[in-house]
Each structure stands twice: as structure tokens, then as C-alpha cells.
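Below you'll find only one chain, the form predicted on its own, shown as C-alpha cells.
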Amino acid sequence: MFDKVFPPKEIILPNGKIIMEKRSRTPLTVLIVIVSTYLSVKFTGFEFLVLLQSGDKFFDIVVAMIPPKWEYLPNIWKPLMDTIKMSLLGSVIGSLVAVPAAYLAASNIVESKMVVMIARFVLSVLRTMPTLVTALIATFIFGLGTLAGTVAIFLFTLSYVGKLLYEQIENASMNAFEAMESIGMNRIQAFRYAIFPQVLPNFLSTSMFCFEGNVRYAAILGYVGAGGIGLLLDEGLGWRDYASVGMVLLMLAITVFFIETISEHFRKKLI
């Protein structure tokens, strides 16, 4: 289409041979980016002047967090452990449930296109819903507390790991699977012994990577009453107690760093 609108440039070489040089797409790409940026600014009501006038208030809050209030540390341990526990539990259960979900969504394993389509649709719907909204709905159903946060993390992990896992299953070699079917195994048994061992390292790596992110996501679930360290952040910001907020963020950053370091070590061993 582009080459039809902007035909290639004809160049005559010294030996008399004629070659066609395609027009650069860079000016069109730059124009699209500029127009898209302009439309985004118009539709979102973004005002650069307001950003310049009020942007420094962000740094005022950051400065108010330093130094953190160390005497606030004893109040953090229990909510922090609650955050880790609901992240771990939601990640483990979500990863385990993702295996049968991915099995049903893999088109090279399940013959029924309807089953595959329904499984993928469910995973897409779960992936579309923000974790914060899921946690809010869970608080209406299960009440305030870590159970709602665990359910929200479970659903997010199921959708995320399930999506990546069924793509890995579809890329796995089917030779062993077909051989096991030919000796009398059913499709579930053939999947268990031929396909699952192939995708197991990536599945474990993806699950651990998801757990890393869930610890961070769980920190904001407290804003909707789903328990964890987010409750302390909400209270601290509400009371303008920025030194306590700084202590909470410091402990959260240290925790996430250690979890990421341990997880990265084991993920490198798996892949």
C-alpha cells in the first residue's frame, strides 16, 4: 500500500543498470507518532503547564519520607507477612489451576475447538480485569481481609500463567505424545508423560516470576480492604504521616529485592 502511494525512486547506476529504491517510512512513522500524541493529549486532558506547576509536590512528599520512622517498624511485620502469605498462596494455587486450564486451551491437545475457544475466552476475561477491581469484588463476596486479596491474586496468576503455559504447550514437540497415544494411553496420560515434562521448567519459571510481581501488586490491594501492607500505606497517606509511609515502602522494597534475587537464582537454574 505504502509503495503504491509513494512509488520507489528510480536510480540509474554508472553501468546503466536501473534499480528501484524504496521510499523511507520514517517520515510517515514520525507523523503518526506526533498525531497520536496530540490526540492522546486532547482526549486525556493532559496539561503540561499543570505538571510544571505542581510536579515538584511529588518530590516534597518523597523528601518528607526521609528519614523513615524507624519506631514504626514493629507495626509493619504482621501486615508485611500477610502480604507475602497471600501472594504466595494465591500464586501457588493459581499456578496449579493454570495447568488444567492451559490443557483445555491448547489446540494441539484438545480436539474440540469449542472447548479451546471457551477456555481461552475465560482466560482472556480474567486477564482483562484489573487485580484491584477483582480484589474489590472479592471484598464484597468474602468480606474485608487477606482472603479477598488471595482470591484476586489467584485469579490473576491463573490468567497470566495459563496464557503463557498453553502457548508453551502448543510449541512443544508432539512426537512423544503421538507415540504414547499409539501404545494405548489416553490424551491426559500422554500429556502427563510427553508434553508436561517439556514445559515444566518454563512453567515453574513463569510461576516464580508471577509470584515476584504479585508481592508488589498485593501491596496496593489494601486500598480496597483486601488486607496486607496496603492498609498501612492507605492510613499513612491519609494522615499525611509520610515518615511512616517511607518506612513501609523501605521494608517493601527490601522484601521484594530479596524475593526477586532468590527467584532469579532458581529461574536461571530452570531455564
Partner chain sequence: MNVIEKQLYAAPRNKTYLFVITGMIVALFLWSLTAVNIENMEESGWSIAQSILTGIVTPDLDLLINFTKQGVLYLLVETIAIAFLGTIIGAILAIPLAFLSASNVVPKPLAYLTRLLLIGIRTVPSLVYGLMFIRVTGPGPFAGVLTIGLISVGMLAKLFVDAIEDLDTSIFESMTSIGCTTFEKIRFGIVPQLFAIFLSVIIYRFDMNLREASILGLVAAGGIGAPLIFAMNAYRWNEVGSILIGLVVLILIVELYSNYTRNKLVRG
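These numbers come from a predicted model, not from an experiment. Superpose the two forms; the largest set of C-alphas matching within 1.5 Å is the rigid core. Numbering follows the first chain given and starts at 1.
Although it is not shown, the form predicted together with its partner chain is what the next lines describe.
- Exactly one listed residue, out of Val97, Ile137, Ile118, Leu73, brings a non-hydrogen atom to within 4.5 Å of its partner chain in the predicted bound form: Ile137.
- In the predicted bound form, no heavy atom of Ile169 sits within 4.5 Å of its partner chain.
- Its partner chain is not shown here, but in the predicted bound form it comes within 4.5 Å of a heavy atom of Phe266.
- The closest non-hydrogen atom of Thr146 lies within 4.5 Å of its partner chain in the predicted bound form.
- Val110 falls outside the set of residues with a heavy atom inside 4.5 Å of its partner chain in the predicted bound form.
- Applying a 4.5 Å heavy atom cutoff to its partner chain in the predicted bound form picks out Ser124, Val125, Arg127, Thr128, Met129, Pro130, Leu132, Val133, Leu136, Ile137, Thr139, Phe140, Ile141, Phe142, Gly143, Leu144 from 122-144, in order along the sequence.
- The Cα position of Gly238 differs by less than 2 Å between this form and the one not shown after fitting on the rigid core.
- Superposition on the rigid core between this form and the one not shown places the CA atom of Ser40 less than 2 Å from its counterpart.
- The rigid-core alignment places the CA of Leu204 less than 2 Å apart between this form and the one not shown.
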